[in-house]
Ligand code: HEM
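For reference, the chain that follows is the form predicted on its own, supplied as structure tokens.
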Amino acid sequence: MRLPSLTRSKPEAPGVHAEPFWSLRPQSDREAGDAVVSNFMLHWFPAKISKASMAWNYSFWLGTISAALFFLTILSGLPLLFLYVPSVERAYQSVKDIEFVITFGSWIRSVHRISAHLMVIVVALHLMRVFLTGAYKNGVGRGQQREVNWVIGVVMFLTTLFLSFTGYLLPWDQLAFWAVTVGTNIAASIPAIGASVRELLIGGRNIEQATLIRFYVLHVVFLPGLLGVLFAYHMWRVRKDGGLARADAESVVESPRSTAPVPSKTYTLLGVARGTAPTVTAHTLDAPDATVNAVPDLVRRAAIATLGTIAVISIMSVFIASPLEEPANALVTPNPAKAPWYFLWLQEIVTDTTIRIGSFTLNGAFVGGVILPGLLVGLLTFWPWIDKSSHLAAGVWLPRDRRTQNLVFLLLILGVLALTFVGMVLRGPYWILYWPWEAWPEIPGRI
């Protein structure tokens, strides 16, 4: 007969865990909560997360993908900092060396370029998703200020555009030089202050050394720093507002239910009770099975989105090379000269809004390049205070009481996409429309 062991195992001290990776693989709710508190990288996650908020088909994890692209852009830009020379005499040659001489230089440059362009697209999609779900509206939580976070998101989108625009000039080839020339000429169309705005932007009257160094410093220091600060506040604001708006929508539809008291929680004052122990029934809008621990469930999905983004960009960069045309030449104008692809819709509007009535000419650059986009950005920024739909529509895809505004928003987006397609594919020499199957005439550059 085997006698039971008299040796008792030593109880585990609070906060001490046996496994070295316990915070990434918690075995209990307590370890999951401890992981959020004690792990520096996981500290910005909440302890619990709504299952509905983690659904792939709600947010498509566009915010996480945007952050991954921003991280990848910075990571791929670091080696380029050591190789690029911000000088009009040496910038083009240094990029050419990166492309054809440096080991893996072409791949690193492609990673940087593709990440930057996709970041513009994904941030725009993220902004669209927030609008179409009404996620800028406050829900049932206390102290929510989601409209403030929406404004921060609009500013982050504009900063992303400007970040990409400043990097467009750095290769100092014909494509970059004339794209920036077209883009800055739109700013010059502002009455009274247009010339001063353009001079402030490019550092003089012409695009030259002052412009290159100005764009370089903005691209590698100020704009990434500003975007990083805004991103940190944006994430803090999401936590402060109780997570995604989808969680509020789910809590509204949930009916109150009784839950058993937590055994480890004290419900009496100072834990002292006389006589019969009280029976406690807690009523909550949160179903016990409606939330999960952020660690590991939320962390796992965030890792999938991040690592998946990095993998896709890495593979794409193997097959898609970054363009590099002949060196920049202010005396040779390409025909047609086009703005960066994300500003082509503005360039198309500038053409379409130039109206001549006798001797009077309505400046299309001012109407299409300043007034119309200014109105659109203004409406987009202040829309949370204009939208009077019910707070029950927050976090719901295409709700009935927001049908009209969502339809108008989608029509505007389709208009922007159509104008971008026209400017990118159909506009040929002298800005004449050509069908995709029509050949462009051979026109040499003008000297």
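Sequential numbering from 1, following the sequence displayed. From a predicted model like this one, the values you see are computed outputs, not experimental measurements.
One more form of this protein, predicted in complex with the ligand, exists but is not displayed; see below.
Trainee: For residue 63, is any heavy atom within 4.5 Å of the ligand in the model of the complex, or not?
Mentor: Residue 63: yes, in contact with the ligand in the model of the complex.
Trainee: Taking 4.5 angstroms as the cut-off for heavy atoms, does residue 149 touch the ligand in the model of the complex?
Mentor: So residue 149 counts as contacting the ligand.
Trainee: Using a 4.5 Å heavy atom cut-off, state whether residue 345 contacts the ligand in the model of the complex.
Mentor: So residue 345 does not count as contacting the ligand.
Trainee: Residue 126: heavy atom within 4.5 Å of the ligand in the model of the complex?
Mentor: Residue 126 belongs to the contact set for the ligand.
Trainee: Out of 307 to 315, 199 to 207, 129 to 137, 215 to 223, where are the residues with a heavy atom within 4.5 Å of the ligand in the model of the complex?
Mentor: Contact-bearing stretch, as computed: 129 to 137.
Trainee: Could you tell me if all three of 95, 98 and 101 have a heavy atom no more than 4.5 Å from the ligand in the model of the complex?
Mentor: Spot residues vs the ligand: no contact at all.
Trainee: From the list 86, 105, 194, 153, which entry has a heavy atom within 4.5 Å of the ligand in the model of the complex?
Mentor: After the contact test, the surviving option is 153.
Trainee: Which pick from 165, 178, 157, 366 sits with a heavy atom within 4.5 Å of the ligand in the model of the complex?
Mentor: Spelling it out, the residue with a heavy atom inside the cut-off is 157.
Trainee: Quick one: name the residues from 234 to 248 with any non-hydrogen atom within 4.5 angstroms of the ligand in the model of the complex.
Mentor: Going through 234 to 248 in order - heavy atoms within 4.5 Å of the ligand in the model of the complex - the hits are 234, 235, 238, 243, 244, 245.
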